[in-house]
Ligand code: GLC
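For reference, the chain that follows is the form predicted on its own, supplied as structure tokens.
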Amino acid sequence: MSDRDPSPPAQKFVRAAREGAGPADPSLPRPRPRPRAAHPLFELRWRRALREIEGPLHRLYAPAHDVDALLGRMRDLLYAHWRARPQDLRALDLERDVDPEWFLSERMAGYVCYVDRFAGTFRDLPDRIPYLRTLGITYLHLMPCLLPRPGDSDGGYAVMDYTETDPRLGSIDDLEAAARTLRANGISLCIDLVLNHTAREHRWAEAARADDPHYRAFYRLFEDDTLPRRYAETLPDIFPAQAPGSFTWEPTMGRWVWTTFNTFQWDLNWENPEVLLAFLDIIMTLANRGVEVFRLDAVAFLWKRLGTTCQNLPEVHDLLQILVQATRAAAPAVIHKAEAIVGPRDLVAYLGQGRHEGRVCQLAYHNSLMVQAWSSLAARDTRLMTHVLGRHFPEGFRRATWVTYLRCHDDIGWAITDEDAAGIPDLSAPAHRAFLADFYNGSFPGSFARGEDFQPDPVTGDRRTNGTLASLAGLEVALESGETGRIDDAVARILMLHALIAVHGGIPLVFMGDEIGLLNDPSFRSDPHLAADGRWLHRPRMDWVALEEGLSQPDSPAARIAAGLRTILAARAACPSLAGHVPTRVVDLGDRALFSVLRPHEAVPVLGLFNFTEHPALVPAGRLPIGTGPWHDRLWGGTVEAPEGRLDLPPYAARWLAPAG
């Protein structure tokens, strides 16, 4: 047995209740225990949360567990954290209780970075706030910064301790101080919270290996490979090249461990409500340190069922509803973002459908928008994009919205399904996926891109793609050629794509370096700690000296991209029609070169219009759903007219049109 209790502080406070009454008999009425008196404000919020928590708890855990006892323990845990919550955060809670849709504002814009590659340490981070403010950033996502396992940690996603930070970045107190300074400057802090698994070295896993039955039940362990082999029949490989399979033999326990991603990442058993309580404790501990947004990593994988892919099961959404609504009881200022990189059919549910509408995550990544934008750019054909985005996605959500992005720290997986491809004549999904992989690794004839294949799957033949936005959009190849026209096209593609994610409903995210056109960084291959993971190709360090030199030359690509992006985000912030509560409606203009999205604000409707080709396009004004002109361009300014009833759209152009006058 372990000689120390590996529970976080508030979990220790309530752990004694674990040995209480056994499972309730569902056939008998059972009076709910009278809770200890709490502060009236907390009680109001708890009663609100209770209405949203009880149903999912019963669906997940009754009758095997006493749900009333779980609710009592959850309330005590949340109240302990509420009492410890700093006064300035309580004030923020009150403000956001009054305005729960604060994150839907058109002024929201995000930036994503690695602390060390962007600033150095947590203490250095405030020095970069002026830079973020010049971009118009109100939301900062720090890539994994909690304590990782030594050595390979999957880029920080193998967490060894959720309540401590990576000492190379600073202490948890340093993170709290940085969060406070960011908050004072109008910037909300987002960090990653890995829910599906812990590192093999996490204290829970250590206790499990030490034969603690309580913590063994935190993981999915098997005495022999009978069940793992049956599960494996329907499980896809996530990392087929570097970590094939989903189960690992652990000789210290004589057990098989479920390891979806890597052998050192142990999947948690969310069928055990102790895991749920432990993560509520962690969320509140970090929320009291100033975290305002939790990026919930790998949420699609939380629940497992034999005979399925063990992704996107209904129970996942019950778990998310409990986590979100319970957090709201003690920290209403906090919101949650689902990292569910799944197909279009499954993606919408992470923002709430049916009984979960308005009750689960407030944010989710619009993976499909990203994939379809790159697909349209390579094919010079937006039909698939118009078909998929117009068919699968609702025009809006209740108290929820997308985060829109063009790339992230991960690879791009070409999620083009057979069903979606069937909607476009003569389009084969496997052939199109192969085309996109070839185009973006630069091997397709005439490609402007320079990326690299990632995790080729020998069974399906599919390949994913690595590369920075600028390199994938053609800037690297263009700079090598020295041809002004090719450089101009690459810059235009980069700005057009950013204008797309800024006008589409959601919070646009800018990945560090994309605002100045940073190129692929192959230097990772000389670092033995990084060389095995090709995704470090598109995680370059911010070169502040080069940035200043580039920005000092107004005609340089860096200066043009930076100026263009500042204009895009400023135009968004000045346009209430782009707030998250305004619907997003895909408009089919009948031209494969064009993509269009309407934001039908009652006072000032705005139409985003995009040319995905290197050729000029003529748009019949009669096809536009906002009149036949003239229009005001809310993006670049000025009046746009349609002489002879046709609007001229230059190559790779973006326009945000609103009726003039």
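Bear in mind that the values here come from a model prediction, so they are computed numbers and not experimental data. When you see a residue number, it is the position in the sequence shown, counting from 1.
Only in words, not in the display: the form predicted in complex with this ligand, which the text now covers.
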Even though the partner isn't displayed, in the predicted complex is R295 close enough to this ligand, meaning a heavy atom within 4.5 Å? yes
Residue-level contact is defined here as any heavy atom of the residue lying within 4.5 Å of this ligand in the predicted complex; does D438 satisfy this criterion? no
Contact of S376 with this ligand in the predicted complex (heavy atom, 4.5 Å): no
Using a 4.5 Å heavy atom cut-off, state whether E101 contacts this ligand in the predicted complex. no
Is this ligand in the predicted complex close enough to Y162, E201 and E274 that every residue in that trio has a heavy atom within 4.5 angstroms of it? no
Of 378 to 386, 495 to 503, 149 to 157, 514 to 522, which is the one stretch near this ligand in the predicted complex, taking non-hydrogen atoms within 4.5 angstroms as near? 149 to 157
Checking F247, W414, Y231, F261 against this ligand in the predicted complex, the residue with a non-hydrogen atom inside 4.5 angstroms turns out to be F261
Using heavy atoms only and a 4.5 Å cut-off, determine which of Q265, N466, T584, Q372 is in contact with this ligand in the predicted complex. Q265
Is any part of 305 to 341 within 4.5 angstroms of this ligand in the predicted complex by a non-hydrogen atom, and which residues would that be? E339
